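Only one chain is given next, in structure tokens, and it is the form predicted alone.
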Amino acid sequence: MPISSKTQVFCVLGHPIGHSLSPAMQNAALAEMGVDGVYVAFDVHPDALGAAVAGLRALGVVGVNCTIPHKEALLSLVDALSDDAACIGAVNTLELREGRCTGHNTDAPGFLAALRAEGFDPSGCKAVVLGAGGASRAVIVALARCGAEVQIVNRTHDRAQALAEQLNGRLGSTSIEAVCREPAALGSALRNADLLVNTTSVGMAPEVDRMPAIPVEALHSKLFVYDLIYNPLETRLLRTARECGARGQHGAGMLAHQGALALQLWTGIAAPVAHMEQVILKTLSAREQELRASLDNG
């Protein structure tokens, strides 16, 4: 649609943000939905986050997505929090209406929707989650609410332990615990697990040869591995898991589902999640071809 004085503005905040696929995905969705809107990306340094949110309020921006490193910092910059955002302790979506800013978290339901789209039902499963950051919080809460037993593994065990205690307290549960990274303990957890989720950035482009430090021999054919990374689509973790007979999937589905939920929150219209995921895949493919061409010419 042509941009006019009536065009609504949506955006994503992050630092850095140049790699983000959200503008391509969300603009394609807005066009498909027939919404007169445009979606842009802003690189906002953490020191400028408060000023950026104030500016967005003043400018009448309708909806905002937020990514690394702002998800936890936004908790203190909003007027209200949804139940999910308050429980998770992280915000990935801002809803701006009549000068009031509400923080939401669509990562948790987006993650569950992506899992179920792959035919995996997390209800009552045993899950191992790698990482203890903002994305990890959403994944853990989503799984615990499905009755899953969740074990957190993090580079710093004390942080994993603190997160488990915090989220158990908020959920009124005892289903979340921290597991030591030591190979014997982690190997035992993986052998008994139905689901392994990587919420860390280990293996993300350009460091595509890296993978989380896990005992590979503990991976098995009954395990489903979900890597939140989507660039590359085939991480070393996913490749290794499949070689061990496990099923696996990249994070493009979660990105599409959480983005679709944000659009529906802002517009009241169901977003075309399948179309959004296809745009993600096509954009990634185009970027990969550009990189190969530059390497060939270099």
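Start at 1 with the first residue shown and count on from there. Since the structure is predicted, the reported quantities are computational estimates derived from the model, not experimental observations.
What comes next is about the form predicted together with a small molecule, which does not appear here.
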Which of 164-172, 90-98, 133-141, 106-114 lines the interface with the small molecule in the predicted complex (heavy atom within 4.5 Å): 133-141
Using the partner position in the predicted complex, report whether residue 156 sits within 4.5 Å of the small molecule, counting heavy atoms only. yes
Given that the partner is absent here, does residue 201 sit within 4.5 Å of the small molecule in the predicted complex, heavy atoms only? yes
Residue 210: heavy atom within 4.5 Å of the small molecule in the predicted complex? yes
